[in-house]
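Shown here is one chain on its own, the form predicted on its own, set out as structure tokens.
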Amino acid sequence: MTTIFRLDASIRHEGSVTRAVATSLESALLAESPGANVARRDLAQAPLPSATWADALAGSHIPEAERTTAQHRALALASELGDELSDADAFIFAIPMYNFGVPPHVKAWIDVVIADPRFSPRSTKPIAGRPAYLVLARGGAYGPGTAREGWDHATGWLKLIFERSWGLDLEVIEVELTAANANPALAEFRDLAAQNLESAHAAATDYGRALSGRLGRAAA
């Protein structure tokens, strides 16, 4: 059975742009491949314990018999997270930018995954080449020529992890100006924001259909 791993990180469940766009991709995929299984992890609803990475890192450098209970638990969780990725045929990562960077619960998840030897920077990249889709949302505009050009410290880092460190075949769906309807200072950009969101949903739908075809060919 084909398995898609979906990661959500928005602290909002109602009104979340990343969740909605990711669902457009997932729905298009399942419409074409109804037998696919979607394995989910919601980091906003169930964030990892804050000490997990430190415990996993410390435990990985000492003999198993000398590890504390917390270190055993942290390394077991790192292995569980690694299994979730290894068992998937494709990936959907729905991640908003918060305060110009990656949400802390996403950073914590990636740190713990990297504590699994299979996903360390020195690993053989067990999921290299598999298709992945990164849905990004930013409240304002951060592209070239904008007032906050260079303030986006999330996108480049996530692409480095997913593409270069893990070797995924990554496509990025970006949505900007998501705060335009709520922020009076961005009122003049509301039409552009609506167009941006519509384009993101359309791209996600196209990617979902294309992913179904790709996975079908791989299974044939």
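For every residue, the number given is its place in the sequence shown, counted from 1. Small disclaimer: the values here were computed from a predicted structure and weren't measured.
Not on display, but discussed next: the form predicted in complex with a small molecule.
**Q** Counting only heavy atoms and a 4.5 Å cutoff, which of 123-131, 69-77, 137-145, 83-91 contacts the small molecule in the predicted complex?
**A** Checking each option against the 4.5 Å cut-off leaves 137-145.
**Q** State yes or no: in the predicted complex, is some non-hydrogen atom of residue 52 no more than 4.5 angstroms from a non-hydrogen atom of the small molecule?
**A** Output for residue 52 is no: heavy atoms all beyond 4.5 Å of the small molecule.
**Q** Residue 18 near the small molecule in the predicted complex, any heavy atom under 4.5 Å?
**A** Within the cut-off, so yes.
**Q** I'd like to know whether residue 11 contacts the small molecule in the predicted complex, with contact meaning heavy atoms within 4.5 angstroms.
**A** Because a heavy atom of residue 11 falls inside 4.5 Å of the small molecule in the predicted complex, the answer is yes.
**Q** Consider residue 97 of the chain shown here, and say whether it contacts the small molecule in the predicted complex, taking contact as heavy atoms within 4.5 Å.
**A** Contact with the small molecule, yes.
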